[in-house]
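One chain comes next, on its own, written as structure tokens: the form predicted alone.
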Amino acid sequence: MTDGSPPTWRMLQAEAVDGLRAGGVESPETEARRMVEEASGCTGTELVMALDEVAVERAAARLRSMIERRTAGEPLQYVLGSWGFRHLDLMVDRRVLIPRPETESVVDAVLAEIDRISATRQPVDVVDLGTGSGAIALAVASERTCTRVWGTDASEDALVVARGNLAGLGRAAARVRLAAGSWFEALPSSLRGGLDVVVSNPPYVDPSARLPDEVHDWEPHTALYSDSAGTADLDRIIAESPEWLRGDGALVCEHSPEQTAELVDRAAARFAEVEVRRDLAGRDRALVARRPLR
């Protein structure tokens, strides 16, 4: 580029690697490729074929902006503006949590409960409390056509993101409704006692815990931290779910492994069956409670 000629994508990718490495990013090659894919609009083999093409000025400027944001500490997912969750590509920014692999395993637990219930009754009514980007709600709706899904959130900003993701869901979007409000308060009273599955990835981090700067400094604290050593919102959901569920319904909640024993005890007082499902790393991740006690 010293001769003044416009840069190719290959040159820009090398520049991105150097900039990210200098900025202390742990995987500069991988992240540079993701940024170049986003800026160029080419992925996989398309990008390989396009590397020696000259980059238009606007796209090159966007890439350099992404590098600046990333080296300033902003998470890659927010820099890119989207992130994969199961088979979905979700819009994400600072208004919502970044979708994580641990939550994908929570969806597996939800789908298992949907399959159990749908064997005898359809449609299956599901609510995702604290939906954020809509990750769980939209994954459930797209992967199980027998469902009717509600997604709720107290954050209007989060619901703006969820609505954007819902708009890109396709035909399954017709079976999803989003509502504003705190936990069950967002739902119409007509659903009380009629839900089949309640799922939530609520705030469950102890406010005194020290999260990595990339999480604490960028992701919304209202979606991360909860009082009572991180269990305040989990406790409320466990306590209120029985009155909203059918007799054979189920509650599925994401939680932190060290909270398992306490949450199992609390759920056992309100449900006939309680188990814990593990994530791909083998850590306790999803509380599953079935058949609420009346």
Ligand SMILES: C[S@@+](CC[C@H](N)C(=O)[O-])C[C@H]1O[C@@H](n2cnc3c(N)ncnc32)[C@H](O)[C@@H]1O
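We number the residues from 1 along the sequence you see. Keep in mind that what you see is a predicted model, and the values were worked out from it rather than measured.
Keep in mind the form predicted in complex with the ligand is missing from the figure; the text below concerns it.
Participant: Based on heavy atom distances of at most 4.5 Å to the ligand in the predicted complex, which listed stretch, 189-197, 113-121, 92-100, 76-84, is the contact stretch?
Facilitator: Result for this chain: 92-100.
Participant: Wondering, does residue 126 line up within 4.5 Å of the ligand in the predicted complex on heavy atoms?
Facilitator: Residue 126: no, not in contact with the ligand in the predicted complex.
Participant: Report whether the minimum heavy atom distance between residue 168 and the ligand in the predicted complex is within 4.5 Å.
Facilitator: Flag for residue 168 set to no.
Participant: Within a 4.5 Å heavy atom cut-off, is residue 222 in contact with the ligand in the predicted complex?
Facilitator: Yes, residue 222 is a contact residue.
Participant: Using heavy atoms and a 4.5 Å limit, would one call residue 155 a contact residue for the ligand in the predicted complex?
Facilitator: Although the ligand is absent here, residue 155 would touch it in the predicted complex, with heavy atoms inside 4.5 Å.
Participant: Thinking of 9, 28 and 32 as the candidate spot, does the ligand come within 4.5 Å of a heavy atom on all of them in the predicted complex?
Facilitator: No, none of the three is in contact.
Participant: Scan 171-187 and note down the residues that get a heavy atom within 4.5 Å of the ligand in the predicted complex; none is a fine answer too.
Facilitator: The stretch 171-187, when checked against the ligand in the predicted complex, contributes 181, 182, 183 at the 4.5 Å heavy-atom cut-off.
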